[in-house]
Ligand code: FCB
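The form predicted on its own is given below as one chain in structure tokens.
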């Protein structure tokens, strides 16, 4: 660790972590919670031997982390960990459990969340939709339904009116293209459809929904900053071979840029969710996988540099709204954070306007179709007692957040964690 070159981040850089309501709050009732217990879902889990391996309770969100009741405790821990920003989502099914009937008690709950964050000096990034939808809306056809952009606009107006100017940063949609692909093309997530026409329809309904929400938020609060959380992958054309470049150009266009291009006049910033590198070598997924997470995803921190450089074309501020790994033993998280932030700094040095980094996730959580076994948290959750425990990597990240830089002293202090 000798002669370590100090890395400085811009003044007023935002540091923190992210969560999603269904994954941490507990006791949600929506299309996803129904699907978790459906016969089709449980039959599949049994056929794959997953119930035998993990237990059926692993795949049912239930009380999750009980963050709904413990949010004050959790955000106070985040503050002690040096965070000055956090991302969380509002659960649409809590707000509008019946069509056109809004639950004022639940709106008050989210007001308290915002008040808590503001009082302790944490900037909230509020996500309006992070995948589940109310049952009544599912019954109308969900994101295939032609009127859903109007319903989303109505819900948006209700929330923005209620939370007012206390929220500066609004994220309308989380990873819309990922949701559409896994729910309507590959059929892994609810409603488990495999239909190209449905997939394309959902993509375009999500585009329409974002545009409507953007206009409404701006009308209610001109100073609000609005974007989406967009999942982008680094597709690498290996050795710059022609066929690899052609494949890269096409998949980049659809997976990384299409949605952003369609909303480029309706966003103030880009929220970047980034997890994956995909080496193209006469085909996709030709990664070397020298280091992998518990979910067998390749850990390739350099990828974030290339993804950020690609986003430079939009000339928008960028907030990294998700980036992390499943690492129950906390063996690689410190190294991953360090190497990732080096590459973020490299992109900043080359003119990319990155203004914040929010790690995924603040705490272990319910990882959608995988359930509870993947551990993404800076905080370890004991799912029996719900005890929160700070992982060593969270303390390393804390020192970076507080200093707003990475120094030789910080790296030396956590030498054993980073090797």
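Positions refer to the first chain, counted from 1. For clarity, every value in this text was computed on a predicted model and none was experimentally measured.
Missing here is the form predicted together with the ligand; even so, the following discussion is about that form.
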*367, 66, 34, 380: which sits within 4.5 Å of the ligand in the predicted bound form by any heavy atom?*
367
*asked:* Quick check on this chain: which one of 130, 94, 212, 277 has a heavy atom within 4.5 Å of the ligand in the predicted bound form?
replied: 130
*Region of this chain that lies against the ligand in the predicted bound form, out of 201-209, 174-182, 337-345, 109-117 [heavy atom, 4.5 Å]*: 174-182
*So, in the predicted bound form, is residue 322 in contact with the ligand at a 4.5 angstroms heavy atom limit?*
yes
_Although the partner isn't part of this model, could you tell me whether residue 360 comes within 4.5 Å of the ligand in the predicted bound form, counting any heavy atom of the residue?_
yes
*asked:* Taking the ligand as it sits in the predicted bound form, is residue 244 in contact with it (heavy atom to heavy atom, 4.5 Å or less)?
replied: no
*Are any of the heavy atoms in residue 273 no more than 4.5 Å from a heavy atom of the ligand in the predicted bound form?*
yes
*Within 4.5 Å of the ligand in the predicted bound form, which residues of 371-403 have a heavy atom? Give them in sequence order, or say none.*
376
